[in-house]
Structures are given as structure tokens and as C-alpha cells.
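Alright, two takes on the same chain below, each alone as C-alpha cells: structure 1 and structure 2.
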Structure 1
């Protein structure tokens, strides 16, 4: 007992500082949630807890319907984009990691070059390309553009990862009579699971929250994603800030829940994706 008291006495400033940091980080979310649970006519301080929980903002939100469609659109676009990034990313990384030639290092350099292009800087080119393909306001247009710009990171990450898998595994499987395709599917792919998990969660969050290309590619309201729908709630007159807060809660909650359950993967993934190979 005494030692615990002693440790606490020595570390008291760490706890004080911790509380301060947590408060600074919770405050915006706290205000958002209390706003969502108050009536529009409730003019009490935004820092004050609601006197009674008012769920009307949420029932109105779902009754109006656009948020449900936005959840569906966002889920479709996020899942498809991440799936393409993972599948094409693993496939592309395999030869780049295993077959080092001058041509392949050129390919590698091109992919890294793509990583440097800020998507909005060539907005005009992308948009006019999509118009000529009749791909604006379609799932596939949005998915394929996002996947193309998102691919270099997974390729870079998977290449780094495959290089850490001993080459003797490939050789052993080929002696046993596997061809390249079989070696890739049976030997390399199972080893890549942790790297795939990292890409799925990091790029998944990125796509869920995407706003930029979706703003221009998805112009029909029935194609709107969550971010586009939320911006409608906030900008259309912007007088029902409580209803808008409820919409923002609905859009954010899935990602927050996912983070709380998969926290260690997010932390590890962020650290891994930053370490140079």
C-alpha cells in the first residue's frame, strides 16, 4: 500500500498532465455528442450535459433517409476500393520484391512517383478523363480512381514486407513443383496476412473519410457518400446544428468503434507503415 502511495506521489504531475491531454482530446467529441442529444430549441451551453436525452435528432435523421443511403454508398466504395488495393497491391509487390531487374526498378520508381502526386493537383485531368468515360456519378468511377491513387502505398508496403520473407521458401515450393502462381497463393499470400490487415484498416479509414474526389466525381445526390451527406446537413441553411451533429455522430461512430476494438492493429500498423525497409 505504502509503495503505491509513494509511486503516485512521485508521478502526480504525470496524472495531472494526462488528464489535461485527455480533456483537450475529448472536448470536441463531447460537444458533438451533447449537441446531437439536445433539441434544436435547447439554447443551453454547449458544454452542459443535456438535462434529458433527446433522441429525436436521430429518429428524424433516419426517417429522412439520406444517411442510410450514404452509409451504404460509403461501405460499397470503401470495401471495393480497399479490396482492389489489396489484391492488385500484393500481386504487384511480389515481382518487385523477388525479381530485381533494371526494368523493375524503373517500375518501382514510377509507382513511387505516383505516390507523390497530390490527387487534387491533377483534378482537372482526372475529371475530364472520367467525363469522357461517362464515369462521373458512378461507383466504378469513384472506386477505380481512388484505387489507382491509393495503390502505390500498399505496393511499397507489401514489397518491403515480402523482402523479409526468406527466398528459400519460394525455392522450396518450386522444387516441390509449384508454379509461380501457386507459390504466390500458397506460400507468399498466407505470410502477408498481418501486412494486409494493416493496409485494410489504414486505407479503409482513409476511404471512409474521403472528401475531395467524391465531391467532384459523385454529383448525383443518390450517390453521395457520408462526407458529402454530412456537408449537406451543415450547409443547407445550417440552422439545425443539432440534427447535423446527429448525422456527424452516425458517420463517425463506425470508425470509432472499429478503432476501439482493433486499437493495437492501428497502432502497430501506423508504426510499421512508417518504418523504412
Structure 2
């Protein structure tokens, strides 16, 4: 028995467990795609492949026009929110990582504490404040609320990551005449690409799938995001599961493409933060 066969025979249960995990994660996507490619009148099992591909659910979806508007709304809110979280998170994390003090330790503790608070637990207060600011059914109202809830995690993550970067680089740049901002933008920021990709994926997916606050803040149909648009397929009268599946396929595709594009940075960023942090 060669080395490969011996390794497989010894670790066969690990391969079996890996296959089971892949099946469990891929099964919902398989059901989603098969339902999107079936007619509403098709009563076959959801695990059964369609006898013929039916694209009517997708054509009806784009003919209505709501999915295109929802894609645009979701993209604007997600990109703006993640951009604020990344920019402010990096800039706030740099002094927290480089200056060890009781005050900075307190700030880090507060960040951790805020992360433990469920956002929906303070929905009433946030919603009443937005009403007084006339910020409901607006992009900026949704963005500032989402960014406020999402900022603690990037700050904490970037702080841990920056601490792994040698201080000697800061000192060398200061000897060369760089001030603090120049050191951050020219020395520190380029090394944060893996961490930034990690935050973009984690917070971007979370924002793309956000439903709780969107349901209350974005009340006008023209401001609906993807999750709100998909929820319109379900009502007390009838449920269009096939149309909802087609809309979910369209909503999922951008996130899959983003992960495929950023996966090497994501893996490096999570590995570095785990090993060095």
C-alpha cells in the first residue's frame, strides 16, 4: 500500500465528513435553482430535476422591473455602508493598535460590548430617532444606521491585524520624514488588503442580506432592497415559491462572484488574524 492509499485508509472518516458537510451546504442552493427552473404548476419533488428548463420565472422577474430597482438599492446601501466601515474602521484602529493605554483598552472593551448588543433590541429607539430626522425611506438613513451597527467589528478586527505589523516600519517612515497620516496611508494601509477583503466579504454579505431594519426604515416600494422584494412573493393569499426562488438566485449571484474574486485575500486575512492575533 502506497503512502496515498495508507493516508486515505487512515483518514477515511474525515473525507466522508467533508463530503457530508459539502452536501449539507450545497443542498439548499440545489433546491433553490431547481425550483427557479420549474413552473408553478409543477408538483414534483423539490429534489427532483425539472423535466424541461423553464425560464419564465426569470423573464417575469425582470419584466416587472422590481428586481432591477431592488438590486440598485441594495448595491448603493451595501457599498456605501461597507465603504464607511472600512475607511473609519482602519483609521480608528491605527491609533488603538499603536498606542497601548488604559483609555484605548476601555475603547476596545466598549467595542466588544457593543458587538454583543442585538441590533433589533434597540429598534424602537432607533426608529423613533429616524422619524424625527425624516430619515425613513432614504438611503442615508439606512446607511448611517447600518454603518453604526457594523463599525465595532471592523475596528476590532483591524486593531488586531495592525498589531501584527512591526512598529519598525512606522519608525522608519518617520525617519524618512513622514507624518502620522502619511505613515498610515503609505505604509500601513497597503498591508491591510487581506483584512479589508475579509471585512468587505463578512460585512458586505451581512448588509446584502439585511432584512430587520430594512423592513421598518425602507417603507416605500421604490426603496425596497432585495430581501424586501423577495418577501413580496409571500402573502396570506398565495405564495409564489418559484418566483421567489428565481429572485433569490439573482440576489445570491453577486455575493458568490464577490467571494470568488476576493477569496484568496479573505483566506489570508482570516488566517493571519488567527495565527498572529
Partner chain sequence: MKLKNGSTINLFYIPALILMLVFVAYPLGQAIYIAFTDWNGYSQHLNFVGFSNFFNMLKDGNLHTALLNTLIYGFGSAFFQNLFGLLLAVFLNSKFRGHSVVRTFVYLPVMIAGLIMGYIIYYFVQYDGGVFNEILGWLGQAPLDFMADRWRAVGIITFINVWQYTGISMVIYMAGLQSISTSYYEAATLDGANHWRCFWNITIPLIVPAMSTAVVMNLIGGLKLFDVIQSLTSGGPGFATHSLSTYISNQYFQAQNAGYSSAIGIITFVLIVVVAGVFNSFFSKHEIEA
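These numbers were taken from a predicted model, which means no experiment stands behind them. Positions refer to the first chain, counted from 1. What we label the rigid core is the largest C-alpha set whose atoms superpose within 1.5 Å from one form to the other.
Participant: The form predicted in complex with its partner chain: 1 or 2?
Facilitator: The form predicted in complex with its partner chain is the one given as structure 1; the other form is structure 2.
Participant: By the 2 angstroms cut-off, has the C-alpha of residue 211 moved between structures 1 and 2 once the rigid core is superposed?
Facilitator: No; that C-alpha moves by less than 2 Å between structures 1 and 2.
Participant: With both forms fitted on the core, check whether the Cα of residue 245 differs by 2 Å or more between structures 1 and 2.
Facilitator: After core superposition, the C-alpha of residue 245 moves 2 Å or more between structures 1 and 2.
Participant: After superposition on the rigid core, does the Cα atom of residue 50 shift by at least 2 Å between structures 1 and 2?
Facilitator: Yes; that C-alpha moves by at least 2 Å between structures 1 and 2.
Participant: If you line up the core, how far does the Cα of residue 256 move between structures 1 and 2, in Å?
Facilitator: Residue 256 C-alpha displacement between structures 1 and 2, core-aligned: 3.2 Å.
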